[in-house]
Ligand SMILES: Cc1cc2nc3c(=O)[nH]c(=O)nc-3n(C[C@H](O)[C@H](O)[C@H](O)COP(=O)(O)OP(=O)(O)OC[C@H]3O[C@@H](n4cnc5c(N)ncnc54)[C@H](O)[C@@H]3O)c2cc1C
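Starting off, we have a lone chain in the form predicted alone, written out as structure tokens.
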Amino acid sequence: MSQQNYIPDDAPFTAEQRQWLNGLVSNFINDLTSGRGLNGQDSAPVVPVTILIGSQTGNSEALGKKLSKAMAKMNFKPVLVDLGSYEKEKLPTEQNVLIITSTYGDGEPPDNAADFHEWILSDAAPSLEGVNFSILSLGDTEYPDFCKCGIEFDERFEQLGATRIFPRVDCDVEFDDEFEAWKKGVLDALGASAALVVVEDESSEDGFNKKNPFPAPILKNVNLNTNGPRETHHIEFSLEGSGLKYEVGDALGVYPCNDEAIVDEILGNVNFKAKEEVPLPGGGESTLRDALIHSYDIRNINKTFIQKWQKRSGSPYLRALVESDDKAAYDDYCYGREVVDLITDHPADFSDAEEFVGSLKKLQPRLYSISSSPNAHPNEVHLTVGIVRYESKHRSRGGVCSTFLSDRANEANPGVFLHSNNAFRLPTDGDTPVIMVGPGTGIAPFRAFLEERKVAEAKGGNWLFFGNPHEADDFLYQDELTQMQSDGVLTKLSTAFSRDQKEKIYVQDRMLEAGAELWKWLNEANASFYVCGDASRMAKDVDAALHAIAQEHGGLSEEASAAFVKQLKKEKRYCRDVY
């Protein structure tokens, strides 16, 4: 049999050298494909690993896929499983379990992990002796219950007798470095055979993404509220030439800029020059003023930041606050204050501008639910943004990104990137009815859903619950929704304008009023149920209303109604995009 040529004939080798190299490469390939390692040695046995994902917005899922892909190229057999569909009875028999989970709301597990979380913390949880595990927990230090879900998983696995092979890693909103460190630690602990194959990071740096955002021109930027104090902007961005593709249900990340007036006030109260060069969070340098406008968070302060600031400040008040270590006192002080308040009220002594910016966190992008269908608006992406403005501590303040988009972004071409959210997708079968609950800016993804269903000529019914304070001023997309009703796209529209009558009425009240029909949609027509908006109050009230409807109109007990709702989630018929 003639030897296969791996070395090109025009390579700079003699015929004898090419023959020898072809033989070397052929032997190498034969060893690998026959299950033997380098130098003809037997390869290490394949190690089974189960990777469990708890994800609300897609970050944990993306990291899980990245880890699984890397492990599959080594001496591992990874199985990636959504916690919502994981068969819990398998857990005691697993050899190696890795959990990547986020925390959202008031320290709650993500929706797809809620059932597993309840079970593993209950008395019904089995012994996990013989199970190896490690946890990667995603969170945000701006919230008090930072990484609570991952912490609880970690502690409970240990209580149940599992062996922690690598310490839990808690990640803030910038998690790439922490993920890589955790991945390396886990792979080493599991005996990764690095000699078998060199695993490269194949996450593409080509094109536009979070690390390389697309400068998107703004095509339209209008306030949807007609009168009154509320502002909700409909903003259309051009994606022409970006190559970016999205699906309805996804989010758009937007990089904001800080208000120059606030930056200039900060610079007027520190002993550093605006043009002094300082390092940037992602590398490189710029002037102090540009860095404060584009790269550093000058709004959010929390316990950790105050502790750092107090060490450089002679403020007796801050010293007493830090020494008391009173959570309520910290929360009370931080609420409605930002970095400029600390600078003016409690000056700190920094040696230079570099040390000053070293105390600040990186300015983070904001994620907004996309309110357009790419099939209805090619090369465009739309957002529905509630503009945050308020008075606090004798200052006029506002949301960093929302006021940037409303006041300063039209000529700026904001940097944007797409964020996939596979947990919030329309049913693949267009005949499936959908029920959408989206008060306020929670209507955003449902405008996109309705546009997509119209373009696709989906036959399933569409029922929208929408609410806001006043019909006259706050009926977002009223003309569009009315037209969709006329066109037969929007089957039912139930509105709740809470301040238009003596008794406040909310979307959950409208659900209860229409409970009999809503139950038929869910139980007989197998409708999918979606919620978007506030996690702390609205989403909980809507969930309670759903349970109540199952009990009253389905004749289910409290326990059976809870099981019914859990099954909806397991079948991905109950999906939430809450914040």
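Bear in mind that the values here come from a model prediction, so they are computed numbers and not experimental data. A residue's number is simply how far along the shown sequence it sits, counting from 1.
Keep in mind that the form predicted together with this ligand is missing from the display, and what follows is about it.
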Which pick from 319, 299, 294, 454 sits with a heavy atom within 4.5 Å of this ligand in the model of the complex?
299
Could you spot which one of 99, 437, 113, 385 gets a heavy atom to within 4.5 Å of this ligand in the model of the complex?
385
Counting only non-hydrogen atoms, the one stretch of 85-93, 456-464, 489-497, 396-404 within 4.5 angstroms of this ligand in the model of the complex is 396-404
Answer yes if any heavy atom of residue 336 is within 4.5 Å of a heavy atom of this ligand in the model of the complex; otherwise answer no.
yes
Would residue 57 count as a contact of this ligand in the model of the complex, using a 4.5 angstroms cut-off between non-hydrogen atoms?
yes
Interface membership of residue 153, this ligand in the model of the complex, 4.5 Å heavy atom rule
no
Would residue 390 count as a contact of this ligand in the model of the complex, using a 4.5 angstroms cut-off between non-hydrogen atoms?
yes
